[in-house]
Structures are given as C-alpha cells and as structure tokens.
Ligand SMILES: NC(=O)c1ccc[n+]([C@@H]2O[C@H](COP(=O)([O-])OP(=O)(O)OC[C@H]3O[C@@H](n4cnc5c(N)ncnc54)[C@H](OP(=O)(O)O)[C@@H]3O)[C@@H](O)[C@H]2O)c1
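Starting off, we have a lone chain in the form predicted alone, written out as structure tokens.
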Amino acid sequence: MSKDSLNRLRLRIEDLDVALLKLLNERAAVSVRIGKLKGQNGLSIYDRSREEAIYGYLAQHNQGPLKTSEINRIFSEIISVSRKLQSASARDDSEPRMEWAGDSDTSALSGKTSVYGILGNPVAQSMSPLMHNAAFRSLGIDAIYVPFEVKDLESAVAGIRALQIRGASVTHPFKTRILGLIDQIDVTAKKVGAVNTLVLEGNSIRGINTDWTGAVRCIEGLLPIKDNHFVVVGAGGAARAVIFGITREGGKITLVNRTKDKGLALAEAFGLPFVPLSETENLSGDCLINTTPVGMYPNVEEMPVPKGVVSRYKAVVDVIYNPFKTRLLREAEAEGCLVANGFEMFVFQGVEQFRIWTGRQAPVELMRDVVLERLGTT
C-alpha cells in the first residue's frame, strides 16, 4: 500500500469520526429530552426492557465486520452515558422530594428513630445503606440504615438485642456462621442453609433468606432455569441461595469450589456433583454463575475462573454488582455470552427485606435508580 493510499484512508476515518461525533451529540440531546419527560412524569431512568430492545434491533441491523458482541460493548458505553444525562435532566425537572438522595438525613434523627444495618466484613463497599435510606426517606419512615463492619459476630448479635436494632442485612462472610447465634430460622432459610436478613422481635432474633428470590429473577432475565445446566462457583451463603433457587425451579447444577472439603459438604447437602476449581476447564454448561467475592471492588481485575472457561457457556452471571461489570463479565461478553451481574439480585433481595421490616411495599424503581447512579451507570 502506498503512503498516499494510507493517508486517504486516514482522512476517511477522520471524516467518519466527525460524522459519528455529530450523531452522538444528537443522540445525547434526545436523551436529555427523554430524561426531562421521565422526571416530569415520575418515571424510572433505568428501563431494562428498553435496553434489551436496543441491543435486539442493533443485532438485527448489524451487517459486520463488527461482531454483535463488539457492537454491544460499544453501545453499552453509549447507553451508560445516556443514562447519566437522563438522570441529571430528570433531577432538574423533578420535585424536590423526588431527588435521588440516598444518604440518610441525620438532622431528623431522634430517640424514636428505628435503626437498621448491615453486618459484614468488609462492608464499606455495600450499597445497601444508600438503597434502604432512600426508601425510608421516600416513604417518610423514621428510620436509618447503617453499615457495621463486624470483627466479632457473636458480640454483634448481642449488640442487636442490647441496642434494639430493628433489623439487619447479613453479608459476606457471615451468612452461614450466623445460624448458630440467632433464636429462630425461617423454614426457607433452613433449606437454603444461610441467612441474609435479621428481624428483632421483642428480644428474639429471627433469620430469613431473601437472596434466593433475587437470584431467580436475575438468572431468568437471561435464560429459563428449568432443565438447563448451571455451573455454580463458590460454597458460601450466596451459593446456597443460588443453588436453592435453581433446584426449586427445576435446573441442574454442578458445584465448583476452591476448597474441596467445603465444596463437597455443600454438594452433598443438595445432592449435587462437585468438581474442584482446578478442573473447571473440563466443564461446560448453559450458564456459569460466580457466587464468590473474587473480582469485587477494589480487586477488579481478578477472575474466579481461568479466562478461557467462559467460552464454554451460553450465559454468565456474576453476583457481584460493584464494579457493575466485573472482568469475568467483560471476558464473557467478548466471547458472545449473555451476561448479568448481581444487581437485580441485590435490589430484589433488598425489596423483600424492606417489606419484611416495615410491612410496606418498597419503592422499587427509586431503590434501583439510586444504586445505579452511585455506581456511575445512570
């Protein structure tokens, strides 16, 4: 190729880039108008069905040479920026009470304020306080939800009773360890073998599991559960909830875990085949699900399985939602897999917690939107 030919092609690229820039700004202007309309009408910024429709019509019109998975990655960024523009314009046009304030308003606290929280270690990255405090404020409930980084679980449980903390979420690594420290365990939580929700009733603490309902909703957004084969990585509380939900809906599971003894114990409890993590390259199935914290912020470049494994699956789910798209999901998307993170699982387990604690229907769209905004995806 001559130097002149190369220069002509580069000039053509520049012309196309300028044309793309104009179109992107036109699209952004339309997004701003949509955001204003959503704000005026109290509609949610995040619309999963609409996003799926966008990816659908792009796939239909794509004639290459870009692969559909590559188009999806490009438009994922465009859609993310559009959501941010919509969110900003919606706030400008909404009533003050509709602002996306997720942090607690400490000026209104009193001796009558009900206290809720989350027990975990680490817990600083949790979006639960943001989500629940936004819901309390939206419905005018005199309550606050705070993070508790726990070093001594037994003392923390005693503190719930002593301080009359009305309820708490339980996260990694305490979902199974807490079972022997509370007074009552819900029937479903017993079957799952893990607790993610605590309720104080008098001086008695009851344990419940809402994770499994969120897991089912998350997975079914990608593919049916019944009769499909799932490879689940991990053997902690989140794994138990995912396994319970899949088996309840008629799916088949192979369990994978780094620690053999712990993995075998969970596999035997649910009657599942077990494979050590070192042998995952020999497995395949319809959907791979990571239930471990590997890849969670701040260790965002870690992966729970070797890179080449994801190409063996139609779909990949990562229960992590911070970062919103883990390296595992990025690698899976590059291979053309359907992907989902734990965001929907997180939101809907929280929605059920809110109902249990308050007896009121949760403001689902608000809870979803404040977390999406904080994660930088709106």
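Just count from 1 along the sequence shown to find any residue number. Since we're looking at a predicted model, the values are computed, not measured.
The form predicted together with the named molecule is left out here; the points below concern that form.
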{"property": "Proximity to the named molecule in the model of the complex, single hit among Arg73, Arg166, Lys262, Lys84 (heavy atom within 4.5 Å)", "result": "Lys262"}
{"property": "Proximity to the named molecule in the model of the complex, single hit among Gly159, Pro293, Gly285, Pro129 (heavy atom within 4.5 Å)", "result": "Pro293"}
{"property": "Stretch in contact in the model of the complex with the named molecule, which is absent here, among 51-59, 24-32, 65-73, 319-327 (heavy atoms within 4.5 Å)", "result": "319-327"}
{"property": "Partner proximity in the model of the complex: Ala235 to the named molecule, non-hydrogen atom cutoff 4.5 Å", "result": "yes"}
{"property": "Close approach of Gly39 to the named molecule in the model of the complex, 4.5 Å, heavy atom", "result": "no"}
{"property": "4.5 Å heavy atom contact, Leu277 and the named molecule in the model of the complex", "result": "yes"}
{"property": "Any non-hydrogen atom of Arg206 within 4.5 angstroms of the named molecule in the model of the complex", "result": "no"}
{"property": "Heavy atom within 4.5 Å of the named molecule in the model of the complex - qualifying residues of 158-180", "result": "His172, Lys175"}
